[in-house]
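Take a look at this single chain in structure tokens; it is the form predicted alone.
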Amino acid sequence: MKKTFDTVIIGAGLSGLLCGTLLSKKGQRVCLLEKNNNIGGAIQTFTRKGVTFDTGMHFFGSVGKGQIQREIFKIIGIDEKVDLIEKKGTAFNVIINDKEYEIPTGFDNFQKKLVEYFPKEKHSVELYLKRIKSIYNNLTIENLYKGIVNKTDLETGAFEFIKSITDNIDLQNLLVFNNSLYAGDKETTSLYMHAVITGSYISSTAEFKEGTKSFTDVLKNEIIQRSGVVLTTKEVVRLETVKDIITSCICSDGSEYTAENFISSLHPSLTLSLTDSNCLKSIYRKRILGLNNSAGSFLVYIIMKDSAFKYNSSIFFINNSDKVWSSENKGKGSFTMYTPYSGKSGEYAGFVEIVRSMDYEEVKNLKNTRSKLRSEEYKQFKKDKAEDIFEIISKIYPNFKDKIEEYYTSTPLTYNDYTGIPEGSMYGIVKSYKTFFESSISVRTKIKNLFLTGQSINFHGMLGVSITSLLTCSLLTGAEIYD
């Protein structure tokens, strides 16, 4: 039996949910098809011993009054429905090769603190922040729709720019303190990407008070209340096409869904695998399939013993050497650590989450196995990686291991299992400033009613995915989505 909607969205991750909420607000009847039991995609949650862990998007920026993420929440119609905890004062603690720094939110506060650490580099700091603020402040809803962006910023390397304003290695390293949040790569990351993401976090940083499930539930409920449908265990395996349009999509259970338009929030290479339409030329397929994916992640989810570890609202970026770029350290001795507000109990943290970069090559030999069937060798591999991290943390927090009740780990293989993202990539397709336009992907496709969204299109994270969702939905409605 066919089921008909205005728009069918393949995948109920962050981008799919945002598109569904936006379009349903505009009066469309939408249907989201999610292959897993749970919605959320790369930000879905899981529960162990009564503790609910976020698998991704642990915190995000630009949530202050008038800032772009807040404005997008308003456009979606959920501004008053999301419960945020904004980080005040010191939002980040950075440790680079045993040197410790505090990073506050607010551009003025940030500049003052940098000059305090590097008084002889005052001019360099001013030059840096002037450029970062200029790029970040140019990122407005209006400019997005007009396509206003400085081509030079897209085709200039972040490291190239930083190196041009200062030869102080310590300052160079500190200026990319949060590069683990965007898989910062010395050889590929553009100044634009660095400025937009760093500027976003400097302007304001927040997390969901009750974790990401509270957010995905808000989006799901908005869709349902607006007559939309969100279905799980519905894996789309084929897109039926006639000439240059999709007529329906078929799920693995044989169910069929028709619509006027289709949005794929899957990784672009997975979308290509759903159709053999001649509209998607071989040269296009070859280009998409030839793009590099960003690194995956090794995550450690830790349940702490009662009243054993103090809650800290600050996010820790820890580098055990002065090699701070992902391409240099390969995640070894470099990781992010924080205590989620959702686990806070008085002055103590209920749990801790740790994220470090991990190349797919480290686990590639097990790519054809499934999560519950992997070897004891793999389990030992994960344990060794976690223990290495605990040793580093113990230098900052003595007896840290003794405060752990239990912990769980995941690798790029886990991400691949649950999201299908090739190589378990954490941040989608790499956008290189050296070949920016070659690595860019349009939300439009040559199939007239097939559109793309997600972190591989523009950039990742809450902000990147929100922006892409706005642009995708605007094409479907034929108007600026906020009209």
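What you are looking at is a predicted structure, and each value in this text was computed from that prediction instead of being measured. One-based numbering along the sequence shown.
This next part talks about the form predicted together with a small molecule, which is not shown.
Per the 4.5 Å heavy atom criterion, the small molecule in the predicted complex is contacted by stretch 258-266, the sole one of 162-170, 319-327, 258-266, 220-228. Candidate site formed by I103, A195 and G199: none of these residues places a non-hydrogen atom within 4.5 angstroms of the small molecule in the predicted complex.
Shown alone here, S62 lies farther than 4.5 Å from the small molecule in the predicted complex, counting heavy atoms only. When the small molecule is considered in the predicted complex, Y418 lines it closely, a heavy atom lying within 4.5 Å. The small molecule in the predicted complex is not approached by L191, whose heavy atoms all lie more than 4.5 angstroms from it. Taking the partner from elsewhere, E406 is found to have every heavy atom lying beyond 4.5 Å of the small molecule in the predicted complex.
The contact residue chosen from N36, Q28, S432, T45 relative to the small molecule in the predicted complex is N36, the criterion being a non-hydrogen atom within 4.5 angstroms. Of the listed positions (L452, M57, V51, I447), a single one reaches within 4.5 angstroms of the small molecule by any non-hydrogen atom in the predicted complex, namely M57.
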